[in-house]
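One chain follows as structure tokens, the form predicted alone.
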């Protein structure tokens, strides 16, 4: 069974990679490649976020803070120190996200439930407010424009494949992490924290570890977005950015590892299609999302898995009845 599961995962993984890799070849406009880049980056952001919520049960409303740190690290270094700092700014942003998430994590994991959610939101909104007001340094609500990746990465197609490789490696790493012994501990933290303490593991320490890991990959997603949009803006730090990854997780299924990625595909495509048809797209998008949530309470991927499980049980039950009848 394990080998069959690995085979299915490998096949799905390969098909997904090839499908995204063919986008620049089959596209009819450069916009389609840009849209695929956004799906990849938001997919990574959503999967990293769901390591907190779906796996560990920690609903953070402040992951936009780290998404923004990854983006602003590049933008600020390029704007104030020169274009040569573009690539070095990526690991600098990841380290900054790790350090800040560690320090804030020591505070936010002291509480749980809605208090944890609101505390993460408060810190993110504080960072957004500082960024919004500090016009001379951050560009304020205008952001920073014209940020071009250096060298060969300035080519949009090359940068797309760079994003594709980084995202797939990152998601693969997070999946290995989710199904590792550490991932099992995280699930126990959500389901039965007393058992975690009973076996001699620290609940708070494991929560802190996954909070830092999730934040670092959120920052990585933010840094990748800079090369796609060639700009940074304060909305990257705003609470609606955190809200979008929550919505992606709900649409795809918070209890399925790839659910948030599928949710990112659905939400971004819906925004693009509906936004091109009407200026009242938020109303129509909200209605469609509401219908999705009602029809698929487990998320799209979750409902598909549930349906497959029921069909499998029905098939096995039918097979047993036939065996008894023939006997």
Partner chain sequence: MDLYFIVTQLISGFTMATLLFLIASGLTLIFGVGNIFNFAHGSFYMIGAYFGYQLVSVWKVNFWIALVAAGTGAGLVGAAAEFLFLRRIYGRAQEGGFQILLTYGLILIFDDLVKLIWGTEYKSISKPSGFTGALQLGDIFIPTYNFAIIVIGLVVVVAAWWILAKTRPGRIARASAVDREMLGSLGVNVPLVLTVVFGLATALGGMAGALAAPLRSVTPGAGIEVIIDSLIVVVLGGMSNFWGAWLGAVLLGEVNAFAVAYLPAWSTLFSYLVMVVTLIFRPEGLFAPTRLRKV
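Take the two forms, superpose them, and find the largest set of C-alpha atoms that agree within 1.5 Å; that set is the rigid core. On a predicted model such as this, the values are computed, not experimentally measured, just so you know. Numbering follows the first chain given and starts at 1.
The discussion below concerns the form predicted in complex with its partner chain, not included here.
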Contact label in the predicted bound form: residue 254 to its partner chain, heavy atom within 4.5 Å: yes
Would you classify residue 133 as touching its partner chain in the predicted bound form, given a 4.5 Å non-hydrogen atom cut-off? yes
Can you tell me whether residue 107 touches its partner chain? I mean in the predicted bound form, with a 4.5 angstroms heavy atom cut-off. yes
Taking heavy atoms only, is residue 123 within 4.5 angstroms of its partner chain in the predicted bound form? yes
Option touching its partner chain, based on a heavy atom within 4.5 Å in the predicted bound form, out of 250, 78, 163, 210: 250
Exactly one residue in 168, 159, 85, 239 has a non-hydrogen atom within 4.5 Å of its partner chain in the predicted bound form; which is it? 239
Heavy atom of each of 14, 206 and 261 within 4.5 Å of its partner chain in the predicted bound form: no
Residues in 268 to 292 close to its partner chain in the predicted bound form, defined by a heavy atom within 4.5 Å, in order: 279, 280, 281, 282, 283, 285, 286, 287, 289, 290
Is residue 291 one of the residues whose Cα moves 2 Å or more between this form and the one not shown, with the core superposed? yes
